[in-house]
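Below, in structure tokens: the form predicted on its own, a single chain.
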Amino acid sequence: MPGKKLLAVVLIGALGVSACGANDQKPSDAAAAKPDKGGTLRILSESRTINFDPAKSQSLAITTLGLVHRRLTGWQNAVGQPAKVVPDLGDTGKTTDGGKTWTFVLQEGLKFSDGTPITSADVKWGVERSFAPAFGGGLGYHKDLLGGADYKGPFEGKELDSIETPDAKTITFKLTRPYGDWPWIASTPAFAPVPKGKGAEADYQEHAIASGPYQIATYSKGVEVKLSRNPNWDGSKDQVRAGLPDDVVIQLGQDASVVSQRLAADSGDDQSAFGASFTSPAQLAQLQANASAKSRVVTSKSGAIAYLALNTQKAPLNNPKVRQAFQYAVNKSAYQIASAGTAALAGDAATTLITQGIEGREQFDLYPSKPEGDPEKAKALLAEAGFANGLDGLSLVLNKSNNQTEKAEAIQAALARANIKVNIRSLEADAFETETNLSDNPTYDLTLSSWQPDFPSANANIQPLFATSEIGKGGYNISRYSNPEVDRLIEEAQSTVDATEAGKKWAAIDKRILEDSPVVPLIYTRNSFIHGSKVGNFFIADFPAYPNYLQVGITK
């Protein structure tokens, strides 16, 4: 999530959410109340496993992994404010050569849960460990920048020369090129410390040594993970985590509909619980008749961008004017209804590639039309491109596991109005990934997807989806868009250290890419989550569209 897997922390492919959530009305008393220290927080998760190995994790900085592991930097987020990078284990970094070399200094007195000091060598070891093939799968933004193409990790005695630790508190990263977002990259999971020499075993995720407020007490696969207090965590040295509950219990393998029913009933231990999965539109509709439950639904203002990707390397979609016709042919209103029943439930219609809540984002619409689209304008553009009779035989491929059939049918019907005939083809998850992310010669014309950035920068919106380097080989440029000018502009923006200046460059790139129309932005999806009545400080900030696990506590 770049290396982020679609729907890995993923946190993408979000379901539509209620327009009557807590961001549209006064929050519930429990969510607004200041929680106390103590008690047991319960998290009800559909997942059958929780990966506490930072090298393998794609967890956002404010979610599960952050309860156990600190990172070099952290996120500070709040409702109505853009997310900011803040110190965590170290400061937020300094560069003296325009972003190519970054130095961080760790705080004094930091300790692991076993009582040993946390040093810069442990941070370096954690990053190096993420290069080992046996511990892959985590976010990999840092790997090319550290020149690690041939590096296979530290377990054979080799170090990564691009990371220097001159003393126990200082760590310096020498990048292959200037990169202004490196302080954000230092907040990704691989920058959690692992005691040097540790973590060679395959099941490290079940007994990882903690640096955060909680340590793994018990891990029962498919059943439950219990986290207990880390006695060596010092809250005065951690501005990212409140560390309020005494224990956190994560119940695994929970059915989402049952979770919704349990939390709506709000009895016993479930009063101190929240659901880790999105509350679906069907579940939200059921909650409307329960005033107490309805008041305990918290809804994001925005979220992942859902989009229709056009295979720009396959005729006739290699013609920009043909692709621009799709911007008018699509009925975003119908897509919203197919997603969640109403436009308000689904999320706002999207017109930009950079998601809402990202600092520097600019709102614009290069293809203004009614929410229902403009099929006549689409037909005119097709005629200009030499397709006066429309298009026939295009394929729209779907991932079966994402339950997108109704959305695809809405797209199919809208395109038909503009004389664009599309066949829908559903594939199993592995076949879908092979076709869209891995194949060198894919046969699809169109596909539906969504994306939420891995860190709060437009960089994480744009580069993974539109850089030429992300085509195939597991990348997520599924529109197969390749434009040397855009590649150059992306690298220029990535090299810009000043956040305001970089934001302006990313906004310009957003417009430049949409001029070529490799994707049709559909909606900025909303996420809803329900919590028990004793869960306090349960909020969803402007970014990301997930509750901040690190601030939640239990009220009395």
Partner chain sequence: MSTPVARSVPAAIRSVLARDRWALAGTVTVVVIGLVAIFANVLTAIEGHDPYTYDATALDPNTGLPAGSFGGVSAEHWFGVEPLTGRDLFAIVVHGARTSFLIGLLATLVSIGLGVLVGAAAGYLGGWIDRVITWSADVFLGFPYLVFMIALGAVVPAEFPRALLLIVVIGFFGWPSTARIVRAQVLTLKERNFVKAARVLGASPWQVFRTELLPNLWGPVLVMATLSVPGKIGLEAALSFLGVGVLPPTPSWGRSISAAIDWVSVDPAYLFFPGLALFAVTWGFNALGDGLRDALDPRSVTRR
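Note that this is a predicted model, so its numbers are computed, not measured. Numbering follows the first chain given and starts at 1.
There is also a form predicted together with the partner chain; it is not shown, and the following applies to it.
Comment: 419 to 427 is the region of 241 to 249, 76 to 84, 419 to 427, 171 to 179 lying near the partner chain in the model of the complex, near meaning a non-hydrogen atom within 4.5 Å.
Contact with the partner chain in the model of the complex holds for none of N318, A385 and N483, as no heavy atom of theirs lies within 4.5 Å. When the partner chain is considered in the model of the complex, D114 lies well away from it, no heavy atom lying within 4.5 Å. Remark: D266 does not count among the residues lining the partner chain in the model of the complex, judged by a heavy atom distance of 4.5 Å or less. A residue is said to contact a partner when one of its heavy atoms sits within 4.5 Å of a partner heavy atom; D392 fails this definition for the partner chain in the model of the complex, lying far away.
In the model of the complex, the partner chain sits within 4.5 Å of a heavy atom of A338.
Taking a 4.5 Å heavy atom cutoff to the partner chain in the model of the complex, the contact residue among E362, E159, E409, E164 is E409. Comment: the partner chain is not present in this chain, but in the model of the complex one of L396, L106, L345, A414 has a heavy atom within 4.5 Å of it, namely L345. Residues S257, Q261 of 236 to 271 are found to place at least one heavy atom within 4.5 Å of the partner chain in the model of the complex.
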